[in-house]
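Listed next as structure tokens is one chain, alone, in the form predicted alone.
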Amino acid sequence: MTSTEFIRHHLTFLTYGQQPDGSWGLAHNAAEAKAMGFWAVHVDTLFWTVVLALICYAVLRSVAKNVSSGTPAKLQNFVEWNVDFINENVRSSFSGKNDLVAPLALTLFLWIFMMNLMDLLPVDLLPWLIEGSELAEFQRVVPTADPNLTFALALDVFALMLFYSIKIKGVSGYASELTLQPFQSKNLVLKLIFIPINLILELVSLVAKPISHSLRLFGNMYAGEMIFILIALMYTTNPVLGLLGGGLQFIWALFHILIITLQAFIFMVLTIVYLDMAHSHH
């Protein structure tokens, strides 16, 4: 295949949906996947998301069951360090009282980190391992490079933010936050004029939260995935560029470790901050 076809192939999800003839099955190219419409499912995204969640759960459950009050083993020490790290961030960024916030932050940080970490796998490794299977035709293994997943995570956090805003402040209290600031006046006429202006400004700010929350994670992981694909193209040219590509891949992988950790951290911190805003009176 050409370079363009190689890139397009590696950016196509393994999609399951309804075919034009009414049958259900896997798409065999990007055009078929697009024709399936909104209800199509990215099988690879969902599969790796669930697998990585189960791995996180199994490791943490194993440590919790075998926890020791004496000198901790290396894995227990690593898990305890993560828990302490999350607790410190929650204490410094969350001023309310909610037992959900710290476990949610820990879950998001570890889960997103694991999904981001998949970007370090060679782009053709898994398709090669399952070669001959229909599942090998398209296989994107970085769930956070799929905007469907990052929007799902961000919208879940957004829903929690709205839920606690109304629960803590009441419907009238939250409505007041959306309509009575930033522009305020004791004059009744001016107050009535300011209400729709304030509402528009606050709604723009409110809607921007899940959009920026999701696109920041998706954009960084998509860019990282694209760079790995472009480097992989160098192996198809000549031995000299192949060796250069190997060096570039190693350097980018080292740098990318920082990116995948930072993006998981940023998503977690913004989640804590948004929930803190929901618990705080303006």
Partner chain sequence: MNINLTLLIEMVVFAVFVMFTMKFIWTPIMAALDERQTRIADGLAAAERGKREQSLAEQKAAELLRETKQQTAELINRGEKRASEIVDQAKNDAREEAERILTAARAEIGTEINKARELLRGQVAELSVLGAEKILEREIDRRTHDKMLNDLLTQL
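Because the structure is a prediction, the values reported are computed rather than measured. Numbering follows the first chain given and starts at 1.
We do not show the form predicted in complex with its partner chain, though everything after this point is about it.
**Q** With the partner left out here, check for me: in the predicted bound form, does some heavy atom of Arg61 sit within 4.5 Å of its partner chain?
**A** Residue-level check for Arg61: yes, a contact with its partner chain.
**Q** Is it the case that Val67, even though its partner is missing from this view, gets within 4.5 Å of its partner chain in the predicted bound form, heavy atoms only?
**A** Contact with its partner chain, yes.
**Q** Could you confirm whether Asp156 comes within 4.5 Å of its partner chain in the predicted bound form, counting heavy atoms only?
**A** Asp156: yes, in contact with its partner chain in the predicted bound form.
**Q** Are any of the heavy atoms in Ser93 no more than 4.5 Å from a heavy atom of its partner chain in the predicted bound form?
**A** So Ser93 does not count as contacting its partner chain.
**Q** Sort through 197 to 205, 177 to 185, 84 to 92, 117 to 125 and report the only stretch with a non-hydrogen atom within 4.5 Å of its partner chain in the predicted bound form.
**A** Flagged stretch: 84 to 92.
**Q** Let me test this: is every residue among Phe163, Ala253 and Ile259 within 4.5 Å of its partner chain in the predicted bound form, going by heavy atom positions?
**A** No, none of the three is in contact.
**Q** Of Leu26, Leu248, Ala53, Leu233, which residue is found within 4.5 angstroms of its partner chain in the predicted bound form when only non-hydrogen atoms are counted?
**A** When its partner chain is considered in the predicted bound form, the option within 4.5 Å is Ala53.
**Q** Which of the residues spanning 91 to 114 lie within 4.5 Å of its partner chain in the predicted bound form, based on heavy atoms?
**A** Heavy-atom contacts within 4.5 Å come from Asp99, Leu100, Ala102, Pro103, Leu104, Leu106, Thr107, Leu108, Trp111.
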